[in-house]
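Take a look at this single chain, the form predicted alone, given in structure tokens.
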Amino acid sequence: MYQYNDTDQTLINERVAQFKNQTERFLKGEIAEDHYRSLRLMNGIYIQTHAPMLRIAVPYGLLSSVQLRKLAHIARTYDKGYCHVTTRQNIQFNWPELAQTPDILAELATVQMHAIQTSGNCMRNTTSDPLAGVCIDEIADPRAYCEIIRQWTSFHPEFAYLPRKFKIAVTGATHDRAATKFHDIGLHLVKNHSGECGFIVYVGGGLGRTPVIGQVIKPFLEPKHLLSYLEAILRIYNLFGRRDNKYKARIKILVREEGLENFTQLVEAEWATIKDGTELSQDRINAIQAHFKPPAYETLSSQNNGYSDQLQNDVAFAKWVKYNTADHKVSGYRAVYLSLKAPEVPPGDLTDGQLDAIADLAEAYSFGEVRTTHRQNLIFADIKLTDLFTVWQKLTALNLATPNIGTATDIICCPGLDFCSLANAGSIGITKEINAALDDMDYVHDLGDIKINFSGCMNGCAHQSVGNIGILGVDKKGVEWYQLTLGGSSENDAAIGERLGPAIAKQEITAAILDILDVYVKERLNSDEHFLTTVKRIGLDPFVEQVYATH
């Protein structure tokens, strides 16, 4: 993984000292609240229902064991013993004291972490495929380009006060696991007819109140032009993005109002003025790629008799391997998902003890690294087949081995009313209800790959618009209700879910989800027909009839 140089460390240290001074002055009454608000947001601090929330950047989802242990220490020392993994691969703490946040940032700086630009109207954390570098469908490893973008976006003076927040995602695989078409800019690494690597550039995607699928603005962009083209897009957005209405300030609205053709012309004209003098050199790309060289893999056989025997003799282990591991490009290894979706646990939460134990396991079995995913789970990218059984046993003891990755109980869930001051309805409690109702893992596995996304308000932090089943909390005169959508996807077949019908009362929402799943089981052609395929084939009417017949 990338290691800070002296310049990186100096920047972070100076920002910590600056914010410590700002916070002390604010607490003494020397800085007005309105002015301090922008300063704390620049450092990842929101004021939530019960306490400040601190969002920590995890660039492209990559963490070292040293960083995990620091997060565990922060959870114990400054919070209530746990942290939360977000859909942007970041880490959040929900209970720090405002006066102590500069101390937390100082501790983070000692392990090359920070909270800069995790909030506010700026360029946010760049996200990527959590299987980058190891997946079998990879065209090229995107992480070096993510790091180049990270360095370019950090403290960029021209784009510190954009009309609204701005998000970039990069993938290098044929299967989009990074939801790139729902970002302000999405980058797909591809190869042209000559075998040269470059990017398909998508622009104007986004979720929240107005979900929009990004459109192709550049079919093939050479890597040397990456930063100059991104800069051209940001300049046009900065110039013409709406600042009169925060709900219409995102680039997706600008692209829609201008039209893709006119927006592209504006970008291309701007790009023509800067591209020749700002090329990204191959030496620079090579230097960053050197930080992401493959680890010291052993020469192993993919056919291991001991592993095969374990699969045959232990049904529970075999199920875990099927659902919680993924193929690896190196023979004799697999990628392992750590499920943060045990039925009784708020989705995405990790305790301090789990963080310490994960750090130990990472060092013992996966080259000292772990990745966060945008579905609020973790990944060990490099586990030997010969170690899988032991790792499974240890994860089981940690309550991190629920075999449900990609299933109906692998629910993306925002904090909702339990923590968030913006939420209209609760989400964690309903998620627990759904999990409790789906307590038969054989049934869950029979349902197959179904993605349920649950947001407590229109801001859509849990991406409900692109859930195969989306749940959105709404407020009706102080009472919690929930809207349902079907057919969304954030993957290659990007789609925005269609609204099923009127909102459903809180006490009936779990039964409504079970009705939807029941219709799917009855209507699918066979057990291999995916939920989305069934929805597209039969339409919404059969689901509407069953759900609203009783709710």
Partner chain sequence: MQLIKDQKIIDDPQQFIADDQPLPSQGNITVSLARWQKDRTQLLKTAGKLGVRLEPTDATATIADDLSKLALVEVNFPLYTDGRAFSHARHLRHHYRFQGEIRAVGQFMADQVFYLSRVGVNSFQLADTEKLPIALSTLKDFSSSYQ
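By rigid core we mean the largest C-alpha set that fits within 1.5 Å across both forms. What you are looking at is a predicted structure, and each value in this text was computed from that prediction instead of being measured. Numbering follows the first chain given and starts at 1.
Keep in mind that the form predicted together with its partner chain is missing from the display, and what follows is about it.
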message = Since only the chain is shown here, I'm wondering whether residue 7 would be in contact with its partner chain in the predicted complex (any heavy atom pair within 4.5 Å).
response = yes
key: residue 158 within 4.5 Å of its partner chain in the predicted complex, heavy atoms   = yes
query = Just to confirm, residue 436 within 4.5 Å of its partner chain in the predicted complex by heavy atoms?
reply = no
key: Interface membership of residue 76, its partner chain in the predicted complex, 4.5 Å heavy atom rule   = no
query = its partner chain isn't shown here, but in the predicted complex which of 174, 210, 151, 386 has a heavy atom within 4.5 Å of it?
reply = 151
query = Though its partner chain is not shown, can you say which of 432, 243, 319, 445 has a heavy atom within 4.5 Å of it in the predicted complex?
reply = 243
remark   = Testing 485 to 493, 499 to 507, 518 to 526, 31 to 39 against its partner chain in the predicted complex with a 4.5 Å heavy atom criterion leaves exactly one stretch, namely 31 to 39
ask   = Candidate spot 14, 25 and 239, all three in 4.5 Å heavy atom range of its partner chain in the predicted complex?
value = yes
key: Neighbours of its partner chain in the predicted complex among 267 to 283 [non-hydrogen atom within 4.5 angstroms]   = 270, 273, 274
inquiry  = Rigid core aligned, does the Cα position of residue 522 differ by 2 Å or more between the shown form and the other one?
reply    = no
Rigid core superposition, residue 502 Cα moves 2 angstroms or more between the shown form and the other one = no
